[in-house]
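Shown next as C-alpha cells: one chain only, the form predicted on its own.
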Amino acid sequence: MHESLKDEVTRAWSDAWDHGDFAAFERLVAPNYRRESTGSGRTSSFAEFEQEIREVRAAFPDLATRIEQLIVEADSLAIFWTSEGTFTEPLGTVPPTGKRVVTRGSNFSTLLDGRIAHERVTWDSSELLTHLGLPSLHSAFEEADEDYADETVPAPREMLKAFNKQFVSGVTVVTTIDDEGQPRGLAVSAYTSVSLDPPLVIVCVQKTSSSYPALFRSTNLGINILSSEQRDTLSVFASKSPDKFATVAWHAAPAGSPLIDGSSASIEVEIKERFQALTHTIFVGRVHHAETTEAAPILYKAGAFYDGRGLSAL
C-alpha cells in the first residue's frame, strides 16, 4: 500500500509541477483538501493551489522539480523536494529578474482513506520570492491588496488632493542601468529620507512606468535632486520619451547608476527592500555614495514648479 501511494504521489507531483497536468493530483487529494503554509500562515483549497502552480510555471518556463525523499507512515506522508528554474516571466505583479533560483521545501500531509486531506508546507509563492532575494514582496500573492480598494469606506480623494497641494517638495529623477546597459530614469516626487544611521531613503515608483521593470531588477539606483536650472531636464524625465538620456549629461556612480550633471545633489543606493503598495512599489535603499553642490533645487507645490533660489528665511 505504501509503495503504491509513493508511486502515485511521485507521478502526480511530476505531472503537476513539471507538465501542468493536474489529473493525477486531483485523484490523490480528498474532497475537503486544505493546504496550510507554515511561513505565511495562508490556507488554500486545491483550486487555489492549482492556480499557484500555474502562476509559478508561467513565470519559470524551465521549471524542473525532483522529490528528494518521500516517507509514508500510517496516516501521514512527508515529501522533501527541490525545484530549479529561471525567473523569465512576470509572477503576479512582480516583473521578471532573469535570476536562476534553486528552492527547497517539505510537505507534511495527513491522509484520510489513503488520500491527502490536509498539508502543512514550508513553501509557497512568498517563500519563492525570498529565494529570489525579494523577501518584502510576499504581499503580491496575498489578498490584503483588496483592502486598498474597499469601496465600503468612502475614499476622501478630493480631501487628499487638497492636503497634498499644501505640501512643498523637491523633485528627483530616479535612475538605473537596464539589462542592455542603457541608462533609464523617471521623475519622482515621492522621495524621503528614513534615517541617517543606517543611511536609508525611500522612493515610490508607479508600476506602469516604462522604467519600472529596469528599476525593479536593479540592485542599485541613483536619486538626483534637480536644480532650478534643470527645468528642461525635468520635462524630459516627466515625458514618455524612449531615450531620455539622449540630451542629458550624466556620469556613473561607483556601482554604475546614472547621476545627472548639474543636479543640486545626487546619491546612489543599494536596494534593500521592495514593498508592494497596489499601484506603486516602495524601494528602500541604503546610501553608499553621495554628491552635493550649492545649486538651489526646483520646488514642487500644487502642480506647479518654483525656483528654489528665491526662498526667504522665517
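In case it trips you up, residue 1 is the first one in the sequence shown, and so on. Every value quoted in this text rests on a predicted model; they were computed, and no experiment measured them.
Not pictured, yet referred to below: the form predicted in complex with a small molecule.
- The contact with the small molecule in the model of the complex, taken as any heavy atom within 4.5 Å, belongs to S209 out of S228, S209, T103, T86.
- For the options V171, I223, L91, I116, the residue carrying a heavy atom within 4.5 angstroms of the small molecule in the model of the complex is V171.
- In plain terms, the part of the chain that comes close to the small molecule in the model of the complex, with a heavy atom within 4.5 Å, is 197 to 205 out of 104 to 112, 75 to 83, 156 to 164, 197 to 205.
- V121 falls outside the set of residues with a heavy atom inside 4.5 Å of the small molecule in the model of the complex.
- Contact check for S189: a non-hydrogen atom falls within 4.5 Å of the small molecule in the model of the complex.
- Contact annotation: F305 falls within 4.5 Å of the small molecule in the model of the complex, judged by heavy atom distances.
- At least one heavy atom of A238 is located within 4.5 Å of the small molecule in the model of the complex.
- Contact here is defined as any heavy atom lying within 4.5 Å of the small molecule in the model of the complex, and by that definition each of L234, K244 and Y300 is a contact residue.
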